[in-house]
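First, one chain by itself in structure tokens, the form predicted on its own.
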């Protein structure tokens, strides 16, 4: 099956090969080298001098970690789709008061809306933004939104699960306090590993936090990373080795900008190919995601029909999600995908929708 999913995604053979190493202790020098290399490469990729931690979990684990470590009472969640809603649910489930800034489905959060909300809710401590809303295929204008958050003096959490590795992120320049992602998305590594940049302000909040738990205690991650380049529990060594290899490949192939250009090129090919078939993308024009295309199903078909028929042809796309489940299907542009593979997928999609 040829994967055009939104995660897990196809992995490079070279990356999978590095996962086949014999195991060694996560307290050994062999592991410490891999851990340190992966962290330092991520710091360069995210353009941060701050801490970057590796978490034995999915990105949702770090999402909960931000709430438990860095929010005392109240936070704001920007909701442009199902994963913005998830952030709000995580906040509430951890006993926090959650305000929501919710847009009409398919539209991004604007800086003006965010500024108005923060101006009227002074007691908000932190703002959570889903950078790339996977359920809708929309990219929020993070640099502009981040400036608003920092102008109001709030902490900024960024869910970059389907963005990191495929979309520009400048952690220090934009003032992001926690920016997290998962291995099974743009970096093209099997699931089981999350990574996050953590600011000194976020770590200071963690040092004062009550009832924050143990597994996602940011200060414990800091202690073990600074002390021995490891984590306070056994990490997923194969995934970390794979991430390190993928980041090494990024550097070898020309660096971060080359990788981001590749994502833009692939996204453009998919977008134009879909439009050539007479189909339309769901999000507001100008805010389309470069890592996942959310496509309106053609007349007379449901999104699930397209998904199932493409599976029969050997292509795994992604179903519509949440309230858009019936009306859309999605085409992932993450992981190990070639331009030739995209063209083949589009040709097959054309046959499916014409049938």
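Positions refer to the first chain, counted from 1. Since we're looking at a predicted model, the values are computed, not measured.
Another form, the form predicted in complex with another copy of the chain, is not on view; read the next lines as being about it.
Interface residue among 238, 273, 108, 175, judged by heavy atoms within 4.5 Å of another copy of the chain in the predicted bound form: 238. Checking 282, 216, 263, 229 against another copy of the chain in the predicted bound form, a heavy atom within 4.5 Å turns up for just one residue: 216.
Looking at another copy of the chain in the predicted bound form, residues 48, 249 and 255 place no heavy atom within 4.5 Å of it. Contact between residue 353 and another copy of the chain in the predicted bound form is not found at the 4.5 Å heavy atom cutoff. Among residues of the shown chain, residue 184 is one whose heavy atoms approach another copy of the chain to within 4.5 Å in the predicted bound form.
Among heavy atoms of residue 119, none comes within 4.5 Å of another copy of the chain in the predicted bound form. Of the heavy atoms in residue 259, none are within 4.5 Å of another copy of the chain in the predicted bound form. Considering another copy of the chain in the predicted bound form, the lone stretch of 127-135, 73-81, 204-212, 150-158 in range is 204-212 [heavy atom distance within 4.5 Å].
If you take 143-171 and check each residue for a heavy atom within 4.5 Å of another copy of the chain in the predicted bound form, you get nothing at all.
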